[in-house]
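Just the one chain here, the form predicted on its own, laid out as structure tokens.
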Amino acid sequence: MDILNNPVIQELIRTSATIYTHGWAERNGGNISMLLDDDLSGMTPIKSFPLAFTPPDLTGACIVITGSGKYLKNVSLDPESNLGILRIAEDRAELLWGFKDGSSPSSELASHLFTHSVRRKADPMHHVVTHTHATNLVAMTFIHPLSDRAFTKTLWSMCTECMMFFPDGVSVLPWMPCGTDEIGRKTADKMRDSRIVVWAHHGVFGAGTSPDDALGLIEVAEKAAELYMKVYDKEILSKIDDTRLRELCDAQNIIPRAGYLD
């Protein structure tokens, strides 16, 4: 495998830079991982990182992930220091390539592994998990009810594309310490039913078929959140209500999350 000339690796590198230019990856904020289809059985592990738990269906899988403490803006400048390819074993992650400066995988590795496990069961084409600190989605969590249904309906009502790109809705977790197995498991539980999970007062996880797809999903939700933050305290004279959302679903053959529309 010619790692740095692999098109999907190049797409991940470009996406890392885009996230930074959006302002969603201050310092070492944000991380990305992607399951790889390539046959890496011939690669010899460089070192191993212990894992407290591995989803059984990921044993033997290989992923590329950003490193702990790494800046997404630097991924394109030195991919081999800022990215690592891991082969997942029952109790460890074996480093096959990358982290050449001795660094380790993102502290959110557990959240990525648990999320990959549930998303590829929901859709085998979902290979990518992206975590960013999308500004307006985070801002919303300070002033908006944190129920999945309420958060989803607000975003759906902000712009037409939301219903089209995430009819499965948005899930929200209350604030909790990051970098733990607990938040990883709770994120994955939410990801069984939706591709976007917002961490209150922190950031957002999105899943997709490619780095572009996962980031594009977050970008649509973030635009809706930005519109909400601009208008929530103003008199609303017109909006996309449930009747209009149903008309959109009928016109585009969309099936919205059950029970979310009145």
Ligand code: 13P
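Keep in mind the model is a prediction, meaning the values are calculated, not measured. Heads up: residue numbers just count along the shown sequence, starting at 1.
Same protein, other form: the form predicted together with 1,3-dihydroxyacetonephosphate (13P), not shown, and the subject of what follows.
Contact with 1,3-dihydroxyacetonephosphate (13P) in the predicted complex, judged by any heavy atom within 4.5 Å, is made by just one of 120, 100, 133, 92: 133. Proximity of residue 148 to 1,3-dihydroxyacetonephosphate (13P) in the predicted complex: non-hydrogen atoms within 4.5 Å are absent; the residue sits far from the partner. Under a 4.5 angstroms non-hydrogen atom cutoff, 1,3-dihydroxyacetonephosphate (13P) in the predicted complex lacks residue 160 among its neighbouring residues.
At a distance threshold of 4.5 angstroms between non-hydrogen atoms, residue 139 is out of contact with 1,3-dihydroxyacetonephosphate (13P) in the predicted complex. Proximity of residue 31 to 1,3-dihydroxyacetonephosphate (13P) in the predicted complex falls within the 4.5 Å heavy atom cutoff. Residues of just one listed stretch (40 to 48, 207 to 215, 226 to 234, 23 to 31) have heavy atoms within 4.5 Å of 1,3-dihydroxyacetonephosphate (13P) in the predicted complex: 23 to 31. Residues of 42 to 58 are not found to place any heavy atom within 4.5 Å of 1,3-dihydroxyacetonephosphate (13P) in the predicted complex.
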